[in-house]
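Shown below, as structure tokens, is a lone chain in the form predicted on its own; questions about how it binds or moves come after it.
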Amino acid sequence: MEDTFYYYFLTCLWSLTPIRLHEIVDYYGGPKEFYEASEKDYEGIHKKTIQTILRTKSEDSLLRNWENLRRDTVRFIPCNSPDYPKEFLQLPDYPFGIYIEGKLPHELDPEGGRSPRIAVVGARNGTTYGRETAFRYAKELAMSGCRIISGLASGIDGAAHAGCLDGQGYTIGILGSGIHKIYPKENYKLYLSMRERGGILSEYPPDLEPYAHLFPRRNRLISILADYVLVVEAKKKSGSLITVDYALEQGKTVGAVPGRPCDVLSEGCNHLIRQGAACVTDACDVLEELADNPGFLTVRKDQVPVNLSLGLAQDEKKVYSVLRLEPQFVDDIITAIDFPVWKTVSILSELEIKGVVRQDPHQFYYRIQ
């Protein structure tokens, strides 16, 4: 049996925590030695763990899936391969192998430098404002030469991937399931685009279903692969903040988009800012953090779309100046402007048509440029 198989076998033991699996493999001297050990050699390991190991080794599907993988579009890269991301090896519980469709970030970088990598994370049930912000920031960062990393979840993650693709950039999604089991299903079309123009990565076998406890675990891969972690919307206790915890342990820079104090989905971001995270109000805030790193290819702030006039008439400029990225109720906008109600509402409609303002279903307006 070729050596790569033994690393593949280890990824099939996904129900064991990565740290525990590393301890066991180290004890037996390596992946091959561990696989070839007999049941009596496993003395000292917890009984349930032994049952998991023996069951996985005896399953007919183990060899069948291994043979299928060799004919699949999914690549399996063991941790002893030169193609394996070197960043992962910094983790004490690095995956013994990864599965990838598309390209890894380092495979696109020229010799002598690499593009900055930004992880954009946030709430699965993000607001319209949050999704629009994630989309726009990711697009502008992509246009400036950055790679975008996220988890291909609904809400903020999906918006960030879509924004990067819209900016003709490279984005990679790191999954909490197997690559053949995209979750949520609503992101399947996004997955198809990403595997052609970006990458999809998982540490789990391709046909593994999404299990809730696997998603927090994958966050360590998102943060270690990134140079900067940007949180767009998050509750005070959320999976996004698990990514932040990993990032801080790894010495990464963390930024957060501020939100309204009364919003539950802004609590996490506002808390991070109070704790010292960078306050990010546009893509240039992120680019300025990256500009002085000599290891990066030059980031291009001039590529971020800036259009101060937007081609607006004088009255339109006055209404537009009152709006913010955070949604505002229409009555508050009317109160802030010395125009008749009908005129303010008419101008807001014109601004929507021009694509610089949006309205949510509850008559809250916000600017998108």
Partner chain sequence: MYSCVMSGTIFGIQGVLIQVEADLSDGLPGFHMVGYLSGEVRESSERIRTAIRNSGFELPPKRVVINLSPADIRKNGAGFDLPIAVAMLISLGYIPEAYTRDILFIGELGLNGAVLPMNGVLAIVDEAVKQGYRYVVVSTENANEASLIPGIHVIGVDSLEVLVQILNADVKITPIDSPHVMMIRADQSIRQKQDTIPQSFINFKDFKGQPLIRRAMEIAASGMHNILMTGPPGAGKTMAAKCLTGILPELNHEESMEITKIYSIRGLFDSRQGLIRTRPFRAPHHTITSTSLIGGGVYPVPGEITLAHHGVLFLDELPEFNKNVIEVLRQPLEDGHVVVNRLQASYHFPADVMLIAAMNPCPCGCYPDRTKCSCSVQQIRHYQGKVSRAILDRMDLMLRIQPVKYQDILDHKEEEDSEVIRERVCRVHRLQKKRYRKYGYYYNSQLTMDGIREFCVLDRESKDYMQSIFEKHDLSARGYHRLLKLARTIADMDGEEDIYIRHVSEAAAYRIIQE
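Numbering follows the first chain given and starts at 1. Between two forms, the rigid core is defined as the largest C-alpha subset superposing within 1.5 Å. Computed from a prediction, not measured in an experiment: that's the story for all the values here.
The same protein has a further form, the form predicted in complex with its partner chain, not shown here; the description that follows concerns it.
In the predicted bound form, its partner chain sits within 4.5 Å of a heavy atom belonging to D331. Of the heavy atoms in I19, none are within 4.5 Å of its partner chain in the predicted bound form. At a distance threshold of 4.5 angstroms between non-hydrogen atoms, E186 is in contact with its partner chain in the predicted bound form. In the predicted bound form, its partner chain sits beyond 4.5 Å of every heavy atom of A313. Looking at 338-346, 65-73, 29-37, 45-53, the stretch with residues near its partner chain in the predicted bound form, meaning non-hydrogen atoms within 4.5 angstroms, turns out to be 338-346.
Annotation for 342-365: interface residues with its partner chain in the predicted bound form are W342, V345, S346, S349, E350, E352, I353, G355, Q359, P361, H362, Q363, F364, Y365 [heavy atom within 4.5 Å]. With the core held fixed, D360 shows a CA shift of 2 Å or greater between the shown form and the other one. Core-superposed comparison between the shown form and the other one: the C-alpha position of V345 differs by no less than 2 Å.
Three angstroms is the minimum change: in the predicted bound form, the CA atoms of D331 and V264 sit farther apart than in this structure, by 3 Å or more. Compared with the form shown here, the C-alpha atoms of I334 and N270 sit at least 3 Å farther apart in the predicted bound form.
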